[in-house]
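Before any questions on how it binds or moves, here is one chain, the form predicted alone, in structure tokens.
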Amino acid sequence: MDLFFQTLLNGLLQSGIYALVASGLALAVGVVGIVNFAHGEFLMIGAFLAWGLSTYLGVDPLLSLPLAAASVFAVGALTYRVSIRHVLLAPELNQMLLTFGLGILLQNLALMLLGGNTRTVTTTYQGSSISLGELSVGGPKLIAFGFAVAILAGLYAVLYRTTLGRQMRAVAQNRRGSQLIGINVDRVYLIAFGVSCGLAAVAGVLVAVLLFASPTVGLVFALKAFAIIVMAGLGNLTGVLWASVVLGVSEALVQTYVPGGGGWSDAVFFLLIFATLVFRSFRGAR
């Protein structure tokens, strides 16, 4: 029984980072109305910023979180201003091709400038662990989960308790109606896309602490974020939370109880996407 609860705990802790990545993606889809295929590359930038600050300046990765978030927010805002903004009224295929190309560009720039090797950061707490009765939790994973929960709580507080958050939700529901009541929709789009990228960067810093930084590290997390927002419903920020827990716990259960589950766990999100789409098609046909 202890193994089962340990598995659930591991899955729950993993879901924190998933929720962080998926919330940023859901913000771009729900508010701006664009599917950002370059979301994983903004995560990659955050991971490399954490690695660079730790390696060359000795800054603890967790202390670099605000700088990474602010830097990538600026990159995201610039990206919106020079590219995303001009395709918002274009067909969806054009939007997807733009963000897909942007992702390839960022990934190849990282490969040319930094090479394809993985980079790891070293911290004093990497080998730590905490015992909770019969259960054990790795220190870095618990810290990453705590940061993810705190940042997501702040995000949802902004969305549901501030004027900017109410403007974002109004724009997400009806762009033209928001313009008619005086909301600067373009400004809301810019902030939402920048925050989306900043959240990806924060997740990247935590990924650098738990795993490593590499030019392709964002791809897997972006794919899982897509699975989460498909389960939650495109743009559904609240649904992202439970969908992240479902994915994290499902992966942990497969890793623990399925023979060779370490490899199979990375395919769980494909199965969840498939099951969700089939279920919705079946329900829609009734």
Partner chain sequence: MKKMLLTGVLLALSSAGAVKVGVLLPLSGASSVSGQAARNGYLLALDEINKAGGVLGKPLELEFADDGSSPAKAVPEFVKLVTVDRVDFMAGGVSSATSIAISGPAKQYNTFMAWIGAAAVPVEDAFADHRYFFHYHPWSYYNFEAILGYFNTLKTQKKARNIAIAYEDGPFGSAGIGDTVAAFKKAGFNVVMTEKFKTGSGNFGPLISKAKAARPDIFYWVGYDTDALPLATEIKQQNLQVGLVYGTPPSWPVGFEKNQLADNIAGLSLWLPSSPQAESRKFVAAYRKKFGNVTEEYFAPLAYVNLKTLAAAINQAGGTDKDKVAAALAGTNTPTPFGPLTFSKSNKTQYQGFKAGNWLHFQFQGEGRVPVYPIKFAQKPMVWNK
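Computed from a predicted model, the values in this text were never measured in an experiment. Numbering follows the first chain given and starts at 1.
One more form of this protein exists, namely the form predicted together with its partner chain; it is left out here, but the text below deals with it.
In the model of the complex, its partner chain sits beyond 4.5 Å of every heavy atom of Val158. Contact annotation: Ala243 falls outside 4.5 Å of its partner chain in the model of the complex, judged by heavy atom distances. Contact check for Lys141: a non-hydrogen atom falls within 4.5 Å of its partner chain in the model of the complex. At the 4.5 Å threshold, heavy atoms of Leu102 stay clear of its partner chain in the model of the complex, well away from it. Here the marked residues Asp60, Gly146 and Ala150 all miss its partner chain in the model of the complex; none has a heavy atom within 4.5 angstroms. The listed set Thr120, Asn94, Asn174, Thr162 contains one residue whose heavy atoms approach its partner chain in the model of the complex to within 4.5 Å, identified as Thr120.
Stretch 110-118 is the answer when you ask which of 174-182, 82-90, 190-198, 110-118 has residues with heavy atoms within 4.5 Å of its partner chain in the model of the complex.
Contact residues in stretch 8-45 (any heavy atom within 4.5 Å of its partner chain, taken in the model of the complex) are Asn10, Gln14, Tyr18.
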